[in-house]
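Have a look below at one chain only, the form predicted alone, in structure tokens format.
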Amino acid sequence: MGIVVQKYGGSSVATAEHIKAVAERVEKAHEGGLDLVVVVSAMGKTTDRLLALAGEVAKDPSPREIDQLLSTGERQSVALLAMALHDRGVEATSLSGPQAGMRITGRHGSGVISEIQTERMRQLLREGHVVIVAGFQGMNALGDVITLGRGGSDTTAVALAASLHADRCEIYTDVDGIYTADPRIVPAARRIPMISPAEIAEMAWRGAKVMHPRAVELGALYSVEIHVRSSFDEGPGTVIREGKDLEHLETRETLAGIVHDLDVSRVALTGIKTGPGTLSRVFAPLAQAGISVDVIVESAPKEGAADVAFTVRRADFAEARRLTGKVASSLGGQVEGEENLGKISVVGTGMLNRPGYAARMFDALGRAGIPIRMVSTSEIQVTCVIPAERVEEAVRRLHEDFELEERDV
């Protein structure tokens, strides 16, 4: 049988008992003849606890030392899981990211994987070992630890699956798959048995928390089949792969699900003079500051002036407003902002060729009296920026309006 990469998130290894349960699952898969590479995250809230400790001992800790500190969380997890497997009579070897051959470029705290040197892992697999790899981390050209940022363990797992030509990558988490909406908000939400990489990537970017979008995009690029399953039961979960089912052709359901995000704020530059290079002047300082921009809306110029609005995470709001305030002033305009916002998105492939989704969404929100601040569309999604306090209501209304709880997904 082939290689399978499994990844267990922080909630799956949060306690000693959880780690023992993961070891039992890994042992069963190993006894079934699989060559296993297991990626684990730090236990529970370890990363948050370590960041808090850093803040207690230093006002402005260096990014390098933050990476040194945070990488210890995953190293604890891999060692403990290896011990639990040894206790069950399973040969297992734990590896940090650098020991596993993860080569990383970029800045501390937001590195990207440039290469994976797989020789050591392949040798251990040939010797019958379960290989346990610390997620979220690797080593740069200087030999320093670099972390991949939040969600980096998902990216580690998918990258390993691609490099090792694994049969599949299994992501184990505290939910039993991907749903048509957040089940905590919509109890009638349905689990989606299979979804395309494009759909889940869009859902992840729009706020779904099940998988990190970087990992999904990496899987799509290298044709890695990804299974999202629960650590706590044996359900089938959700399979992420390109669909080849020809049964329904164009009659198949287009809409995959409703996604929301509460980490949204809006910055608007009003009355700025427009011309060639204006948008570059607005967004270049944000890029240099590492601030990601999502929804962007520009009004049509009138008498040489226009308005430009965009969304950022709330943590970036103050800095984004400060930077763009300077630009707005230099262009004869003003800057304003709003923090307490959220996004609601309908996502599904083929929406571009089936008119009416946007109108139906606007109608449902209008009937509920929910104001729309901004709109973004593509061939696979329609997103509305709305007041944060109305987001959960919007999720329920749209899920019901699009009848997602009634159809076979």
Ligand code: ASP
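Just count from 1 along the sequence shown to find any residue number. Worth saying up front: this structure is predicted, and the values here are computed from it rather than measured.
Omitted here: the form predicted in complex with the named molecule. The next part is about that form.
- Heavy atoms within 4.5 Å of the named molecule in the model of the complex belong, among the stretches 84-92, 149-157, 321-329, 123-131, to residues of 149-157.
- The listed set 349, 47, 376, 68 contains one residue whose heavy atoms approach the named molecule in the model of the complex to within 4.5 Å, identified as 47.
- Interface residue remark: residue 42 is counted as part of the site for the named molecule in the model of the complex, having a heavy atom within 4.5 Å.
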